[in-house]
Structures are given as C-alpha cells and as structure tokens.
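Here we start with a single chain on its own, the form predicted alone, put down as structure tokens.
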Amino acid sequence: MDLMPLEEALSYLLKEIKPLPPERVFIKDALGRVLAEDVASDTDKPLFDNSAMDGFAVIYKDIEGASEEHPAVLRIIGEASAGGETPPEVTRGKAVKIFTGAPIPEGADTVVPVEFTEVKDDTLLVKKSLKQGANIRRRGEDLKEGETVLKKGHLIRGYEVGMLAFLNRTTVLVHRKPKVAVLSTGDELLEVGESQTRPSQIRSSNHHMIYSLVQSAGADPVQLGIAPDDPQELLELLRTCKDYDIFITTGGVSMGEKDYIQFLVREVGVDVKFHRLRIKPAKPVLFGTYGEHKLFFGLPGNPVSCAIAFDLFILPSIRGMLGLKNIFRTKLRARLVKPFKRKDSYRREFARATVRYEGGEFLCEPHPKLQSHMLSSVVESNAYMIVMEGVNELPEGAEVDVILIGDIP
C-alpha cells in the first residue's frame, strides 16, 4: 500500500507556509492578529515617580522608628492627586496627602499608606516605620524609552491591545489574514434546511464546520457552498482558486468513480505534493500549491476525516500565514485509564479521546466511537490520542501522546 508517512507530508507542507504581507490596522481591529513589526516604548513607564498607595508623602527621617506607642507627628500642608496640579514641596516635619498614581512631591522620599496613619485636623500621626522609598513607583521601572515591548510574531490578545494603547499607538503593522475558500462536493449532499427528496441524500456539515474552524483560526473564510459531482461545474469553481490564499474542498479525493477533484485540480494549475497518507482517519487528503505560496487542500468527505485533516494541516497553514511561530496544536503526554485495541496497525491513528487533569497527571480516555463518519466522537472529545504505526493495543496505564483540541476539565 503506497501511502506517504505523516512526517514526509508535513515536510512538504512546511516548505510552502509563508507569512502573508503586512498591513497597517487600527488597534481596535488588531485583536487576534500577529505583529509584523517590533513595538517599542514611546517614553519611560512610569514617566515620573508616583505613589503606589493612597496615603501620605513624607521624608523618611521624619517617620524612622515610628510606632503605635510613639507615632511620628507631622503637619499636613496639601495634597497630590493623579492628573492634578503640582503639589507643594515636602520639608522636614511636613507631609502631603497623596492618592494612587499622583506624582511624588519634591522633597518626599516615602509614602505611608493611609491605614498606618491618623489625622487630627491638619496634624498627621504616623504609627508605623517603613523602609525609605516604600510605596513609590520609580520612573522607568516598568519600561525604558525605546525598549522593545512586543516583538514581531507576537499574537495580539486583549492584553496586547491594552499595551498598544499604553504606548500611544493608534495603528500597528500586522500580517494580512489569509482568504480561504470552502467548498463541499457531492450529489448526495443537502444544505441545512433543504428538503430531502431521496433516501440516499445526507445533510452536509463539512462546509459549515470547516468555515467555522477557518474563522476561529483567524482567517477570512468564504463560503462556496455545495457543488454537484459535475466535472465542468467543479472546474469552473476550482478556477477561482487564484482569488484565495487557501482553497479547501471536501469530498472527491477518494477512489470512487465520481471523485473528480483529485484530477481536476491539476487542470487549474495545482502542483500536487501529496495524496493518500499513512494516517487514520483522513487517509485520502490531498495537498498542492498554486501561484505564490497559495495552498490547495482536498479533504475526504467523512466529517471526522475533515476535522482531523484541518487540525493536522490547515490550521498550521493558517497560523503560519498569519505570522505565528508556534503553528501546531498543543501536544502533551497522558496516561491511559483503560486499554485500547485496534485491528489494523498499518496507519498512524488519531483516536478521539477525553483528557483530564487528576492526581497530578493528565489522564486519557479514548472515545468508544472511532469510525470516520461519527462526528459526535469529535464533539464529545477534547483531544486526539496518537496511536503509532505498528501498535495494535495499548494497556491501561500506558503513556500516550495526545493533541489537544479543547479545554481540559
């Protein structure tokens, strides 16, 4: 059986994945994008010495040795607030009431939190001695002007959007999102809501699933819907591949008489790199390139095969085009909680499973449904358990590699 090993297929794929050209966007549109530039601090952060507490700005020598029994007695001469006017200078025996974020008055070198004080008119009693410099945020202690804060290739989350605003950046350079076409093929397929007229018709889920997975990966999907097994109509649709960075079809890549996609892609200029892999499910997956690093994926028609092919090949492609460095799903080691057996060990299998963290380790329980048409096995799982070639069974307690596709309970 002439099937390509997974590692060889991935080597072909990785050679073709390139970050897309950059574009400048407003920071309100930057969420989920990947930086195409380094971002440096515009000023020292903080820009001035300021208070970390509500309290009183004092001179350390005035409160040295203060206690409940022997409080330091100071006179309050004013106050300092964030965004307010310049506070008065602090001299010996004096104190300035200060609020969090307010600049430290000239002469003061320590801030006493309000809970360690008592106020009587304009007299301040300090009932605890602190270290000199306590509760003062120093200029530049967070960031220095010109210091690189965010590096090229960094994924922008909500935290990074906040940082960009903190750095006074209205726009940022990010990699363009890939535009991805999604097309399902097959005379037997029915769209959601469409009436069934023949017993052999089935409801199409693949193009909706792949569309959503593409969208959740950060790309811009385009829904091309369902096409019949008509070579001319398929050819016309495939010719539009030039308009997309990635073109995905489902169905038409196996060995059936009407599996036209595997032949038609060559007519539109796709250079096929691999077709039929030594994996289970998703054996018939097809991959090729066209144009300048544009990618074509022909996925099998079975829903689980589609899902696994997406996670193994299309997700890393999208993430690489977005400019991310870590493009694969998280893999970790887990311990089997029950034995696993299979008849055919020729292919590497990605068995749906549930992984949980318990007793200081990750535990893995394979899903009982392993057929490639049973989409419920993916919905009810949060991982793929990897069963290597040549392995027919795994005993309870064996350590296995798992690929996470969901949250761990």
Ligand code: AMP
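Throughout, we count residues from 1 along the sequence that is shown. As the structure is a computational prediction, the values presented were derived from the model and not from experiment.
Another form exists, predicted in complex with the ligand; not displayed. Remarks below refer to it.
Peer 1: Verify the contact flag for G298: yes if a non-hydrogen atom of it lies within 4.5 Å of a non-hydrogen atom of the ligand in the predicted bound form, no if not.
Peer 2: Contact check for G298: no, nothing within 4.5 Å of the ligand in the predicted bound form.
Peer 1: Decide whether E79 counts as a contact residue for the ligand in the predicted bound form under a heavy atom distance cut-off of 4.5 Å.
Peer 2: No, E79 stays farther than 4.5 Å from the ligand in the predicted bound form.
Peer 1: Just to confirm, L125 within 4.5 Å of the ligand in the predicted bound form by heavy atoms?
Peer 2: Judged by the heavy-atom cut-off of 4.5 Å, L125 is well away from the ligand in the predicted bound form.
Peer 1: Test of understanding: in the predicted bound form, would L189 fall inside 4.5 Å of the ligand by heavy atoms?
Peer 2: Answer yes; at least one heavy atom of L189 falls within 4.5 Å of the ligand in the predicted bound form.
Peer 1: In the predicted bound form, which of the stretches 79-87, 159-167, 198-206, 92-100 has residues with heavy atoms within 4.5 Å of the ligand?
Peer 2: Looking at the partner contacts, the answer comes out as 198-206.
Peer 1: Within 4.5 Å of the ligand in the predicted bound form, heavy atoms considered, which of S129, N135, T289, S254?
Peer 2: Spelling it out, the residue with a heavy atom inside the cut-off is S254.
Peer 1: Find the only residue in N302, T117, S317, T110 having a heavy atom within 4.5 Å of the ligand in the predicted bound form.
Peer 2: Contact with the ligand in the predicted bound form is made by N302 alone.
Peer 1: Even though the chain is shown alone, can you say which residues of 326-363 have a heavy atom within 4.5 Å of the ligand in the predicted bound form?
Peer 2: Result: empty, none.
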